[in-house]
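This document opens with one chain alone, in C-alpha cells, the form predicted alone.
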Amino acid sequence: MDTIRVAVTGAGGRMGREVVKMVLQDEQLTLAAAVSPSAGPVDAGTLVGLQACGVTVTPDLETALANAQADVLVDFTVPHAVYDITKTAIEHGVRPVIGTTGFTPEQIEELDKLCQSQGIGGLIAPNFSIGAILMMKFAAQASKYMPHVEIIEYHGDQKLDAPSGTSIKTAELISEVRQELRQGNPKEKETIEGARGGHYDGFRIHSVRLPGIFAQQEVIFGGYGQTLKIRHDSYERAGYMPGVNVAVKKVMTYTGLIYGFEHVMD
C-alpha cells in the first residue's frame, strides 16, 4: 500500500511540530512538505527528521503544494488565515485536515462544495482528542435527561478565540438533542455585562483565560437535588496526535467536507 503524503502548515508552531513528529514516526505516512510563515523554528530532533526526508521548512504554501504532490494537508495555525489555507489546499486537490477554529457555517458549506467538486474528502475538527470527543458525546446524551446545563472552558491566556471551538461544538451537539430551554430566573439581570457568560440556545458558555492552563472543559448539569459534571483535561499537545493520525488516514476514504472528528472516529 502506498504511503500517504502529508503536508503540514504551521510546522514551526507548537502543534505543528507535534504533527511533524507524528508523521515521521508512522511508516504509513510520508512528510511531503512543511510550511511555516517564519520558516521555523523547529527543535533539533524534528530538524534531523526533516533533513532525512529531504524536506525543508518553507513559508510559501502555494509553492509547497505545487511541488509536494501531497495527499493531505494538516493545519494548526491561526483563525484569520485558516480559511484561505483550507481553500488553497482543496484547489490543489489536497485533502484538508484542519484543527484550527474560526470558520463560519457559510465557509464550511462553501468548502464542502469545493471538496465535492474536486472529488476529495476534508475534515474540520475543533478537537482531535479522543477523550474530548467522548466528553462531548456523553454531554449530549446527558442533556436529554438533564436539560439545565452550562459549559465552562479553560485555556491559556494567549488563545485568540472565545469561546473555544470545542465548547461551541459541544453546545451544537447538545442542541441537536435538547429542546431549547431558557434557564434561570426570567428577571435575572447582569450588574456586570458578561457575568453570566455567552448565550447559546438557552444555556451559557463561560470562557476562562489564564496563564498556566493548557485546555480543559467542564459541562455541568443541574437537576432537583443533584448535579452532574462531565470534565475533560488535556495536559500536552501530544495527546491530540492519535486523533490526527486517524483523521489523516480516514480522510482518504470519502468525498466532501466533514465538520467534527466524532463523525470519523468510529
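So that there is no doubt, residue numbering starts at 1 and follows the sequence shown. Just so it is clear, the model here is predicted, and its values are computed rather than measured.
Although not depicted, the form predicted in complex with a further copy of the same chain is the subject of the following passage.
Not one of 87, 117 and 177 comes within 4.5 Å of a further copy of the same chain in the predicted complex, counting any heavy atom. Stretch 183 to 191 is the answer when you ask which of 183 to 191, 109 to 117, 91 to 99, 74 to 82 has residues with heavy atoms within 4.5 Å of a further copy of the same chain in the predicted complex. Within this chain, residue 220 lines the site of a further copy of the same chain in the predicted complex, having a heavy atom no more than 4.5 Å away. Contact check for residue 198: a non-hydrogen atom falls within 4.5 Å of a further copy of the same chain in the predicted complex. a further copy of the same chain is not shown here, but in the predicted complex it comes within 4.5 Å of a heavy atom of residue 233. When a further copy of the same chain is considered in the predicted complex, residue 37 lies well away from it, no heavy atom lying within 4.5 Å. Contacts between stretch 62 to 98 and a further copy of the same chain, counted in the predicted complex as any heavy atom lying within 4.5 Å, involve no residue at all.
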